[in-house]
Structures are given as structure tokens and as C-alpha cells.
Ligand SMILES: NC(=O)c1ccc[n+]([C@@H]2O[C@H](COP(=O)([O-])OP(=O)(O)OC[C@H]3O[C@@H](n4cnc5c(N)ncnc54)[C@H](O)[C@@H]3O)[C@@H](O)[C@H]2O)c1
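This document opens with one chain alone, in C-alpha cells, the form predicted alone.
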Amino acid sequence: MEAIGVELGKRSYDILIGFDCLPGLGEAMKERGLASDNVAVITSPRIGGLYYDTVEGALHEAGITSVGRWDVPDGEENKSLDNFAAAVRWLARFAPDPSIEPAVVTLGGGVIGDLGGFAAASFRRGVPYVQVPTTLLAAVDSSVGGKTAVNLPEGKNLVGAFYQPRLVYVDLGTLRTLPEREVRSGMAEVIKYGAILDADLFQFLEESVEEALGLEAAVLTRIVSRCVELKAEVVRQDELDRAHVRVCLNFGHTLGHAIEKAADGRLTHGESVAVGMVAAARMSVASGLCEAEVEARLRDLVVRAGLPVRAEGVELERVLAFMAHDKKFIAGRNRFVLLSDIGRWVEREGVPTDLVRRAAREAIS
């Protein structure tokens, strides 16, 4: 397996990436001192049905005696305080002995990783956890960097904590059981990394996005590994999102999150981010930050990835209202990540309201 380190001093950890490697999870945990007597696996009904038995067997082979499973229902709407409370109460029942520190394994996509990671951060004021992402989006983005959270009716990820995993274990073979729409959704985050941080990655995607969507092993491994390297470096520089470096990862997300919520579940996270990225590129051109070719290349790649460039049927005022609650805004002033070129980003605070409104209108019409 390929190993990529996230260098954070005492909180450093490895990201291991391979194909069909899930049976080795227990040994990887054991090598890192994570073979607790109690390992709690937080997953979803669908992913647990596919992979829990393999994970349980791998953990038992590593000498872990007590392995339990808690399912969180599928869907972004279930990344809620209620399901978080249910998960930590189950942890209290599963690991009642205060002398034994349990470990948590989050087996699933971004919803499971975010909620399960927050449960691990909160239970007994923090227990070790391992991210085992089973979606492309989670593999390249949400499983790395320690952002854990749940949603409120008022907005996404408003309750959470920075809490780093002890290991991220990526089996790209699990992507074969994803619906095609979910693979395309994850490709939005891959495109994001190229657009903001790596022109060479963006060009490689222009040359091979169809092969990546077809889950060709060599292409997919190269793409995922590069995205993880980029994310690890950003997190190393700005773990707690205070140095105005990690903010770059919000490219497409300010408007995208608002569209996702206003769409009431009709769009996936990646689809909403794709729309938000194209809108942000359009704002970049309108602000004089980059040439029109930058927007055109981004739009063309998004279309080739089978992702939307507009979110039709979404109400403009709802989108604007949700953006006003975005946690990235400061004292009511908007902040957007925009492009100065492919692979180069800039942060802009206080973008003119008429420009933001026009970009939002064009994104949904």
C-alpha cells in the first residue's frame, strides 16, 4: 500500500492507499497500537452489509476480541444531532468499562466519517479513531484533516470539532460498489484540488477523467494519492483553519453548500460543489482575477465528469439566505475562494453583493 504522512507533531498519522486491502486493516491498526480490546465500528446499513464482515474478520485476526457495529442511516439528512446522540449512547453501552479505552472505526462515506469522528472526539472527551472511507469524496477529502461535525437545520457542519484520526485506511476496491452517481459526485472534489492547487493534476484529469470514472486502478491510484498529498500539506500548514491556507479547500463550497441545502436533497454534495465551482470561476473572471479560458476549462472538465453546471429549480432567495449563515463569513462579510489561474487560488472578502447575487442567479437558472 502507498503511505502518505500527515505531519502534525504528536497528532501525525498515516494515510494508507491500496486496492482490495480491507482484510489488512486489523494488522495496520495493530502496528500503530490501535488494537484495543474494544473496537466500535460505526457504519451505514448499506456499507455495513457489504464490508462489515470483512472488517470484523480483519480485526479479530489482529487479536481484537470485542468488535461491535452501529448503523447510521444513509443520507446527508441523517448527519444530525439526534443520530450523533444515538451513536455516543451506543458507545457508552458497548464500552462501559472506564479502564478499557475503545477505538472507533468509521466505515463509510463522508456522513459516517464526520458523525463517527465527532462521536469519537466527544466520547470520554476523545478516544482513538480510524477512518475507512468507502467513497471517492471521502477518500480524497473528508477523511483527511480531522474536521468532524454534524448538521443543524440552520446549516451544514455547524456543530463539530477538530479531531485527527490515528489512521486513514483507503481501499479503493470499495469504490466498485458505489452507484455511478456517487463516483461522479466524488470527482467534483478531485477537480477542486487540481483547480486550486495543482495545474498538472488538472491537466491529467483533462487527459484521463473518463478512465478515472471507470475506476481504472493506475489512474485512480495516481489521482487519489495526489489529492491526499495536497490535502495533507494544507492540513500541515493550517490544521485548525486559522492561517488562511485551509480556506482554499472551500473553493465552490460557499455557494455549493447553500445550493445543496436549498435543493432539499435533490443534489448530492459533489453535484452542488460542481455548480459552486463553476459559479466561483465565473466570479473570478468577472472580478478580473483570471482569463475566461480558466472558467471554460473548469466548466468543460465538470461537464465531462458528468456533473451539473447549474442547479435548476432552486429558489434564489433561499440560496442567498443559507449563504448568509455560512460559517466562513466574518462579521456578516462574505468570503469566497476564487481563481487567479488553474492551480492558483485567492481569497476575497466582501465580494460585491450584486456580483454574488448574479453568480447565484446564473447558477440556478
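Start at 1 with the first residue shown and count on from there. Keep in mind the model is a prediction, meaning the values are calculated, not measured. Basically, rigid core = biggest C-alpha set you can superpose within 1.5 Å across the two forms.
What comes next is about the form predicted in complex with this ligand, which does not appear here.
Each of Ser44, Glu76 and Leu178 comes within 4.5 Å of this ligand in the model of the complex, counting any heavy atom.
Screening Gly194, Gly276, Gly117, Gly109 for any heavy atom within 4.5 Å of this ligand in the model of the complex leaves a single hit, Gly109. Note on the partner interface in the model of the complex: the residue among Ser272, Thr135, Ser284, Asn250 having a heavy atom within 4.5 angstroms of this ligand is Thr135.
Listed stretches are 208-216, 237-245, 85-93, 149-157; the contact stretch with this ligand in the model of the complex is 149-157, by a heavy atom cutoff of 4.5 Å. With a 4.5 Å cutoff on heavy atoms, Lys231 counts as touching this ligand in the model of the complex. In the model of the complex, at least one heavy atom of Tyr51 sits within 4.5 Å of a heavy atom of this ligand. Within this chain, Glu182 lines the site of this ligand in the model of the complex, having a heavy atom no more than 4.5 Å away. When the rigid core is held fixed, the Cα atom of Asp114 travels less than 2 angstroms between this form and the one not shown.
Remark: with the core as the superposition reference, the CA shift of Lys231 between this form and the one not shown stays below 2 Å.
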